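There is one chain below, alone, in structure tokens, taken in the form predicted on its own.
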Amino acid sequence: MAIFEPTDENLSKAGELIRQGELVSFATETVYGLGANALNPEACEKIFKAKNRPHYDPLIVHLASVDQVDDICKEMPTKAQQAAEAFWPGSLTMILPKKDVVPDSITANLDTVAVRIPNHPVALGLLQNAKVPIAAPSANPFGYLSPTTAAHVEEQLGDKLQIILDGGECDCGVESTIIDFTTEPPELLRFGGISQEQIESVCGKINLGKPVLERPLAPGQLASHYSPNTELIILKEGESAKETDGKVGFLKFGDQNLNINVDQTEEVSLDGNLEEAAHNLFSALHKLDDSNLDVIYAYEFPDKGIGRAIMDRLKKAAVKL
């Protein structure tokens, strides 16, 4: 059993493991992370191996406070400072120019680095005990469904970890929003827990980036990602599912219903609440994917607020390259 309660003793032990170059999984408000000392290339290489993650996909560096940004970034533009004041700690990741102290291996040899301050007591407790920045993608095999509980991590990567710090279910349930502040106007590279509308209310107009097949500027930009093993089909409003002899799963939002027989339904929000749906999204997909189904159906989510982050995850989960 690799799952541990985040007691002071266990946080201290986990921080020591980070300093020793080992991996630790920990809860954040978005999803569970797989962390290593961001300034230690050999330690970060263990992340790529554990996840089977390609090196062209950069990692996010987690910090304990805004004061640490100057340690790893050359500058923090005015709009980035405004966003930090509004949304940190929280589920916003910023792309900023990096200093040489940041290993090229975790930034895919780019001259930028992705940074954020998580808004979760377990993540912050680990950072404070480790006393170093922590590079941490989601704690799952590359391309698969993100983990939002400690049990998800143990099921997928437990044999590769000494410690999973259990912080309960992740509040937000989808990964952080990623904004590139090295461009003007800033560019949104990944929808996440902070909505486009919220960002623009602070920073003004932002441009939207596009999914890529390789060489992303930030995590989560790849066209295929967050995928269950079971086929996922997204339906437009009013569209009918195809009759099948196989077992059917349904990711239900609000009062939606399928026109065919459903073997298993997972409801992400009974009353159509998008924040609740985001919180439950990956847990529902994990349950459906573990149920020996032949296909999972989901209808499109509203194109607003965190609904865009949900649709981003579903669209990428439905793509098989």
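None of the values given here were measured: they were computed from a predicted structure. Throughout, we count residues from 1 along the sequence that is shown.
Just so it is clear, the following notes concern the form predicted together with threonylcarbamoyladenylate (TXA), a form of the same protein that is not shown.
- Annotated contact segment (heavy atom within 4.5 Å of threonylcarbamoyladenylate (TXA) in the model of the complex): 132 to 140, selected among 195 to 203, 132 to 140, 74 to 82, 228 to 236.
- For the candidate spot formed by 152, 249 and 268, no residue has a non-hydrogen atom within 4.5 angstroms of threonylcarbamoyladenylate (TXA) in the model of the complex.
- Using a 4.5 angstroms threshold between heavy atoms, residue 148 stays clear of threonylcarbamoyladenylate (TXA) in the model of the complex.
- Threonylcarbamoyladenylate (TXA) in the model of the complex comes within 4.5 Å of no heavy atom belonging to residue 156.
- Looking at residue 190, you'd find a heavy atom of it within 4.5 angstroms of threonylcarbamoyladenylate (TXA) in the model of the complex.
- In the model of the complex, residue 277 stays away from threonylcarbamoyladenylate (TXA), with no heavy atom inside 4.5 Å.
- Taking threonylcarbamoyladenylate (TXA) as it sits in the model of the complex, the stretch 163 to 185 comes within 4.5 angstroms of it through a non-hydrogen atom at 175, 176, 178.
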